[in-house]
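The chain that follows stands alone, in the form predicted alone, written as structure tokens.
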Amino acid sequence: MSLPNISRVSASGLLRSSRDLRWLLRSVAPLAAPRRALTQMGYRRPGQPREDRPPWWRVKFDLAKGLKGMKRHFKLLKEEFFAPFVGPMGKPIMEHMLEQNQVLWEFRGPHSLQEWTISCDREIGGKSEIYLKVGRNNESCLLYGTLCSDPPKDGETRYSGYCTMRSKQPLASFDRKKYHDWSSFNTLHLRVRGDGRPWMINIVPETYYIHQKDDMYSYFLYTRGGPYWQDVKIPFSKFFLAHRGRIQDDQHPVWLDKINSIGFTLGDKADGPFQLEIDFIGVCKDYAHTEDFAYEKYKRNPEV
């Protein structure tokens, strides 16, 4: 007689718990997520249409090209394997310790432009134009174009007028991400020749969280104009943290051990032609510069 009572009690308890669970789920938002979650999609500029095609639609299958790519990747893998036996970054240990200057990009010929990409507000419907070509005698790169700050008439974009040049992400074998290690240096060294416009130098480090993927460190590059070259040295301690063009309150020095790219941006709202000629971009170690960070760092737990 006790078994039916136990089964009746267990059945009634199970029914009551299922009712409570059903009532609880009514107050919770539906679990169905949109087609593309906000945290999974890339940043889309205002006015730019959303691309709903799957990523494999952009892949072009070619056997000859695939074999050539495999050969290149295995060659890079071989170099990566034997480079640590020579020294850090494939250099002897004494050369790495005594190195005080390092040229990262030297523009000598059309092949040196393949590591860079350019963009402007024309991608979102603007009217600016930007071009990149090899300078005179194949000894520099010339970045030129026309800046126009008129916003596109799409009803969404309020501001416009920018042109940018950015280095590509370095890749190791099999398209793995590779980084620039500038931890042994403290100053950015450039040799440029501009037209008097102020530019913005942007350094993009590697981030670990998705909300930091648009973080970059910026500083100003003031060109003198005229026919003469100028050597510019900017300490890394002067670069400030910004997120999508907005300067952040929580400032901290840039981590130089993992740098993805460096870029130049023009957005001074002065409509008209512009040009910037770059000879080389490098880093150096200035022993006279002892500054750790030029801006105030807020402490979450200040010392008493």
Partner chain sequence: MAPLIYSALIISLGLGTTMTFASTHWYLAWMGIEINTLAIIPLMAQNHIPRAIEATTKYFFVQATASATLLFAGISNAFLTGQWNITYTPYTLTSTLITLALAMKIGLAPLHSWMPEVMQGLNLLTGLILSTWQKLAPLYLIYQIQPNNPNIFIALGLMSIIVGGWGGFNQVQLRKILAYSSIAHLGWMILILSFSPPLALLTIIIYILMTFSLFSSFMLTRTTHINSLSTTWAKIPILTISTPLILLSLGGLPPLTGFMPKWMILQELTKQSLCPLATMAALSSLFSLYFYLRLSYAMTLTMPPNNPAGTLPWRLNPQHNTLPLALTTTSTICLLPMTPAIMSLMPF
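Residue numbers count along the first chain shown, from 1. For clarity, every value in this text was computed on a predicted model and none was experimentally measured.
A second form of this protein, the form predicted in complex with the partner chain, is not displayed here; the remarks below concern that form.
S.K.: Looking in the predicted complex, any heavy atom of Y217 within 4.5 Å of the partner chain?
M.R.: Y217: contacts the partner chain in the predicted complex.
S.K.: Residue-level contact is defined here as any heavy atom of the residue lying within 4.5 Å of the partner chain in the predicted complex; does F74 satisfy this criterion?
M.R.: No, F74 stays farther than 4.5 Å from the partner chain in the predicted complex.
S.K.: So in the predicted complex, does W255 come within 4.5 Å of the partner chain, heavy atom to heavy atom?
M.R.: Residue-level check for W255: yes, a contact with the partner chain.
S.K.: Determine whether any heavy atom of P84 comes within 4.5 Å of a heavy atom of the partner chain in the predicted complex, and answer yes or no.
M.R.: Although the partner chain is absent here, P84 would touch it in the predicted complex, with heavy atoms inside 4.5 Å.
S.K.: Okay, which stretch from 170-178, 139-147, 114-122, 205-213 lines the partner chain in the predicted complex, with non-hydrogen atoms inside 4.5 Å?
M.R.: Every other range fails; the passing one is 205-213.
S.K.: So which of R108, R191, R197, H96 reaches within 4.5 angstroms of the partner chain in the predicted complex, heavy atom to heavy atom?
M.R.: Of the candidates R108, R191, R197, H96, H96 is the one lying within 4.5 Å of the partner chain in the predicted complex.
S.K.: Would all three of Y131, T164 and Q275 be in contact with the partner chain in the predicted complex, where contact means some heavy atom lies within 4.5 Å?
M.R.: No, the candidate spot makes no contact with the partner chain.
S.K.: Output the sequence-ordered list of residues from 166-195 with at least one heavy atom within 4.5 Å of the partner chain in the predicted complex.
M.R.: Contacting residues: D181, S183, S184.
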